[in-house]
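Subsequent text provides structure tokens for two forms of one protein chain, presented individually as structure 1 and structure 2.
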Structure 1
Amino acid sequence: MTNSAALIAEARTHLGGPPGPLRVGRDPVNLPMVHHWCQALDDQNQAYLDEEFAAETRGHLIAPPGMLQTWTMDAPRGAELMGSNDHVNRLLDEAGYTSVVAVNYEHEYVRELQHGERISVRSSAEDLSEEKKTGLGLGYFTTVKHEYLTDDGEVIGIGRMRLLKFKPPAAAPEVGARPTPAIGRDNQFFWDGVQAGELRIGSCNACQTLHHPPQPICRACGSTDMGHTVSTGKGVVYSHVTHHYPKLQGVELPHTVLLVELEEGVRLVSEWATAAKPETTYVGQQVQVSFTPVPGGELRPTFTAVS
């Protein structure tokens, strides 16, 4: 048996083993966090937001089930104890499978969460596949079981996260031209605007509702009579994320992706006009659109910071 095979065999002995230390969420389930979640997802369920309605229908406010993981995401992580999942990951790393990408995350909800409850989580290794050949390289799919508990030890939800642990490629691909956007009759006006130095936003001619990304039918009134308006290009950074790996064709890493809220009220996924350090980007930062050629020569709507 090779050293790598021996490490994988040892990793399998930890499946179903004891979980790692209990990680306790910093904050109990609370209304302000629920408000942020519902605003981001445009979820208007009154059982989450309206105390009077919730009292009549359930006796109390509840939290969206999808927030289950949210309550423990910043829970302190101790380094002194290791669970079965930590052992499996360490052995895979030693065998050369050092890169990781999330595949999917399944939730099982036992009951609704009440405001004021503090949620904790414990994690254990549940499954390890045979070696698979993927587009990222050779690797193993691992399944981590997360049990979510209240302070009195009641399990109120279970999450199963599948990850691919794979061997990184020997050499990174060269940065070439950016892929060209898919252009059809519904978004032709947008890319024509980019070439003309205009940031055009889809607009319903019937009710004047703005739409982005472009779409053929108005979500507000159902009309198919769609036109466009020209944005001022002014806005703020609504959210951002920095991509480090894997390599993307025509993109220099690290690459900060921006979600910009334009002053007209719609949001646009974009990037900085010039390379910027991730730590200089922040939510609420004022920005102005510009039109920048990317590798390959195509123009893209990008943004610059407004001091």
Structure 2
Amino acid sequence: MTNSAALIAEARTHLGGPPGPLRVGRDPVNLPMVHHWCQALDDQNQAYLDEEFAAETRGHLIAPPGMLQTWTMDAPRGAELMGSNDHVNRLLDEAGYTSVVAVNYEHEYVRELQHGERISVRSSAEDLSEEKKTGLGLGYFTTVKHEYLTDDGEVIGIGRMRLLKFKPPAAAPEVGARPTPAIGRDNQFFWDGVQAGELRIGSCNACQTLHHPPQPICRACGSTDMGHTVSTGKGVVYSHVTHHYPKLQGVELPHTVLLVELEEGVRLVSEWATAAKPETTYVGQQVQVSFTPVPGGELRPTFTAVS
């Protein structure tokens, strides 16, 4: 998630931007759907159901305003055009906020609808909160503006949907959180690198010898001038185990642990990226680093198999 902040900043540039393509409702406003609605909600308003009463009071039958959203449900959409809302969602996904839950939906009604009118909708991004800590996880509240229009382009209603886009919890709750790495002065750079999306290897500034695990003094030349280099993240499985017993905190069983030999020549203990665990693990398997959360949500350098 190196560029999480950058992705969010980019998402903000789309707020108030152009809507996506117009999506046209499948059926015009019609009595059968109104019947279903009124039955389901036990709404006996005669302006919706009784032609005579409606003619007297409104001039014609009207649709329940609350049905605004239903007229465009399942409306087919073209994939080629991206509106501002699609961009915001895409960028949040890329930043790791891949799960979504609806928070609330507000309607604003311009006028009542009568049967036979065909309704279309277009959506745009209106607002994006700061990052919030919620019961579901870290996330952003987004506000999507839906404009409902008739065939002649008249706006007859506006809906504002607030969604929570959040990072899916990485842990099945029963396994608990993975033990945190022990971080001290001599290996802080490694874990900072993980946060920055870099696999960093300790290296001696005097003689360039690489050290993993890192150490404060170069064992080759005795220098205390230690820095680091960034690995390509390419390597091979040097050895591996699959843990079955006993249960471990923060580990979903069975759990395969890899000893990876990086192409720079150093080895590190790691594991498969949870979402990309291959069917088999074998010595010599080609792997590539990725940075993914483990149970509890902390990032680890993990690996995926490359063919």
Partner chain sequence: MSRSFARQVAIAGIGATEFSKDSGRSELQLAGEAVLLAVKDAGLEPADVDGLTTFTMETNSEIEVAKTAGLGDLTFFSKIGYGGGAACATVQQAAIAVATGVADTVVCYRAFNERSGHRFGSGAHRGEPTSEGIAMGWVSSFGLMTPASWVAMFAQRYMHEYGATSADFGLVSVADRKHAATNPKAWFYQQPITLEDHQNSRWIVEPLHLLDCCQETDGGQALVVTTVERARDLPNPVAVVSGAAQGSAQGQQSMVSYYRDDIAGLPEMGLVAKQLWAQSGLGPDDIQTAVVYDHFTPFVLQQLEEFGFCKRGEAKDFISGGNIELGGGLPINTHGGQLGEAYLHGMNGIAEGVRQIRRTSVNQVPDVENVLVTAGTGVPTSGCILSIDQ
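For numbering, take structure 1's sequence and count from 1. All figures in this text were calculated on a predicted structure; none of them were measured in a lab. Here, rigid core means the biggest group of C-alpha atoms that superpose within 1.5 Å across both forms.
Original post:
Of structures 1 and 2, which one represents the form predicted alone?
Top reply: Looking at both copies of the chain, structure 1 is the one that matches the description.
Subject >> Core-superposed comparison between the two structures, D93 Cα displacement 2 Å or beyond >> reply: No; D93 is a residue whose C-alpha shifts by less than 2 Å between the two structures when the cores are overlaid.
Original post:
Core aligned, does the CA of V260 move at least 2 Å between the two structures?
Top reply: Comparing the forms between the two structures, which are aligned on their rigid core, V260 does shift its C-alpha by 2 Å or more.
Original post:
So with the core overlaid, does the Cα of G250 end up 2 Å or more away between the two structures?
Top reply: Yes, its C-alpha moves 2 Å or more.
Subject >> Core-referenced Cα shift (Å), P301, between the two structures >> reply: P301 C-alpha displacement between the two structures, core-aligned: 47.6 Å.
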